[in-house]
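Before any questions on how it binds or moves, here is one chain, the form predicted on its own, in structure tokens.
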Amino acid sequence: MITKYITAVSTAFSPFNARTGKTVRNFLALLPPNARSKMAIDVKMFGQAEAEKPASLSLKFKDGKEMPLDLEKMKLKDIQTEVDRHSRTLRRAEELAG
């Protein structure tokens, strides 16, 4: 996954929700070790009483685009595909600019 162009990650989830909680945790695990110094990461966890509350994941990129992701419909592979698709367009624009 290309994380060079991500500037902010915002997420809210319940670790007790088996489906969306696992997806968010795995996405956060894919971020590089130096991610905290290069991007703003905001993680909010719900308690066990709010386990059925819908999870959210939102990314911001260097070009200003904000990408809210629907975790009910997307799996980790789908999220990686979307992030890489936009990151490749930013990389191509950066290469063309010189």
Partner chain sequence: MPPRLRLPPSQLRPARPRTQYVCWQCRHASLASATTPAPPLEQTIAAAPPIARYPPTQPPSYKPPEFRKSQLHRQYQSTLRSSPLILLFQHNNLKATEWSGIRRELSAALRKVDDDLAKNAGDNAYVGNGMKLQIVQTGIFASALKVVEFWDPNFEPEASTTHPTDPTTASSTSVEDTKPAARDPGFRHGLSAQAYQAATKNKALKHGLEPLLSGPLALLTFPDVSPQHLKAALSILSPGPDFPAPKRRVNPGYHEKAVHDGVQKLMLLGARVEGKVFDTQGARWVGSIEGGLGGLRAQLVAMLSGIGAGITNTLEAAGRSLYITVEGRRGMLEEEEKGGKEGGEEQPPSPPTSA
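Positions refer to the first chain, counted from 1. Bear in mind that the values here come from a model prediction, so they are computed numbers and not experimental data.
Heads up, the form predicted in complex with the partner chain isn't pictured, but that's what we're talking about next.
- prompt: Which of these residues, Asn17, Gln80, Ser10, Ser87, gets a heavy atom within 4.5 Å of the partner chain in the model of the complex?
  reply: Contact residue from the list: Asn17.
message: Each of Lys60, Leu71 and Leu76 having a non-hydrogen atom within 4.5 Å of the partner chain in the model of the complex: is that the case here?
response: Negative, none of the three is within 4.5 Å.
4.5 angstroms heavy atom contact with the partner chain in the model of the complex for Pro32: Yes, Pro32 sits close enough to the partner chain in the model of the complex that at least one of its heavy atoms falls within 4.5 Å.
field: 4.5 Å heavy atom contact, Met67 and the partner chain in the model of the complex
entry: No, Met67 is distant from the partner.
field: 4.5 Å heavy atom contact, Leu28 and the partner chain in the model of the complex
entry: Looking in the model of the complex, residue contacts with the partner chain include Leu28, since a heavy atom lies within 4.5 Å.
- prompt: Even though the partner chain is not shown here, does Gly47 get within 4.5 Å of it in the model of the complex, heavy atoms only?
  reply: Looking in the model of the complex, residue contacts with the partner chain include Gly47, since a heavy atom lies within 4.5 Å.
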